[in-house]
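One chain is shown next in structure tokens, namely the form predicted on its own.
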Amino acid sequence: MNYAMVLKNLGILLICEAIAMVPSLIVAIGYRGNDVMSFVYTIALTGILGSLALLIKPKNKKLYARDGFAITAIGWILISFFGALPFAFSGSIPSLVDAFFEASSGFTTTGSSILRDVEILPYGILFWRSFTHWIGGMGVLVLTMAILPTIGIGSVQIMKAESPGPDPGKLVPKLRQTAKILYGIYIVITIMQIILLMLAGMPLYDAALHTFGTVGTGGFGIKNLSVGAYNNVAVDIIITLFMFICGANFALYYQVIKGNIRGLFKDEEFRLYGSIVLVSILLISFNINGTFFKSFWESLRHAAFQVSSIITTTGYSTTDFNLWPGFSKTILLLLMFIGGCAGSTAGAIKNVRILLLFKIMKRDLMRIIHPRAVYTVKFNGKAVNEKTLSEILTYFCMYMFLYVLAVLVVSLDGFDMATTISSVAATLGNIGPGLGLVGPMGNYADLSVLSKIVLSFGMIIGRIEIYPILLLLIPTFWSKANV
């Protein structure tokens, strides 16, 4: 492992985080809040430590696979820790464990919160809380590659370890250019939503913060009733649409920009994603119509919002779906495991993995019927190699193993089953709200310190696709051999 390059890149990351806090500082100053100095202290501390790491002069500037995974895993832990300091320094969240939980939830675009009343927070803190979603959505490390040329050779290892999904790939030959294209699309979508929400009647501040949560698929609300506090049909429709858009693979939008519109609808993952969303909306709409909502249109409106919110792992809510019938809540719980598409800002297992898992099952069943036949698993018309299929099976097994392990730990708190199983599903899948005590009108405040720590790392593990964090626990991973 190239320790010097790992430390140097972590320093770059901390400097980027310090710069990212500047808009929040400006907001705090503009609203004359009591949170100004909390940002000043954090920016100074983070910037100084980052600058010290940047002074390191590596003899070998090449990054290897293990270096990329180490930078990703340690980097996400560091940005969550330093991102928690404004909460702690301002007194908004006095407990460092709670502050770390909130920051981890922000950067990993989870949206789970320990706050009982978000409306009393200073404007700067609220801005930072939502801005962490926007930063973490596309990925802090991808942002670093987009704006800094200093990473250089080997940055593909960082993007592969950082990007949500089996294989992020390159849109253009140069990886840094790929990162710029992705962020360009990201910024355009962000600006579009802010404008539309303002036209729908939201103030600029509210529109910006809700857009950060939507585009980053994070879901931190600035109202105790989340989006439901506005009771605005236009706002609900706009956010529903943009949640769906940001749950799809951003690479497809690049193809659309280039004129390949058909490619969007030919993509197997996108078709599965759209089908699951449509079927789930219709099933829930019929299930809640006439009991929770008087008209089918109103049922459809809330069902569409919640399905889009959960499958894209955003976590906003317009109503307390915790009160819905068991059938509807079961569908939402299943969507927590499926998640969005690879290459999107959404979390959970991802549609492409679910699709390939079913194809693997079909192939193995056909092999039993026709032992001598040769069956190839294809995705978008191309054969998928056995190594990729094996990695998907391994990922699924690790995901479920970690889920069960975390459920056992959280169950020590003694809460009801719905709270226990959904809290882990909601954090590991980067969803946000779960069911029971952690439902859309609840929070994670009553969980024990142990559970909060476990769920905090669960959010990070889920966001960076499991492997980077687990690799840190293997002693041979830290050997000096460059691989």
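The first residue of the sequence shown is number 1, and the count goes up from there. No experiment lies behind these values; they were computed from the predicted model shown.
We do not show the form predicted in complex with another copy of the chain, though everything after this point is about it.
- Exactly one listed residue, out of 393, 261, 323, 225, brings a non-hydrogen atom to within 4.5 Å of another copy of the chain in the predicted bound form: 393.
- Note on contacts: among 330, 380, 385, 275, the single residue with a heavy atom within 4.5 Å of another copy of the chain in the predicted bound form is 330.
- Contact with another copy of the chain in the predicted bound form, defined as a heavy atom within 4.5 Å, is made by none of 20, 45 and 123.
- In the predicted bound form, residue 296 stays away from another copy of the chain, with no heavy atom inside 4.5 Å.
- Another copy of the chain is not drawn, but in the predicted bound form it has no heavy atom within 4.5 Å of residue 444.
- With a 4.5 Å cutoff on heavy atoms, residue 204 does not count as touching another copy of the chain in the predicted bound form; it lies far away.
- Though the partner is left out of this view, residue 3 does not reach within 4.5 Å of another copy of the chain in the predicted bound form, counting heavy atoms only.
- The stretch that touches another copy of the chain in the predicted bound form, counting heavy atoms within 4.5 Å, is 63-71, out of 63-71, 49-57, 449-457, 28-36.
- Taking another copy of the chain as positioned in the predicted bound form, the residues of 369-408 that bring a heavy atom within 4.5 Å of it are, in sequence order, 369, 370, 371, 387, 390, 391, 393, 394, 396, 397, 398, 400, 401, 404, 407, 408.
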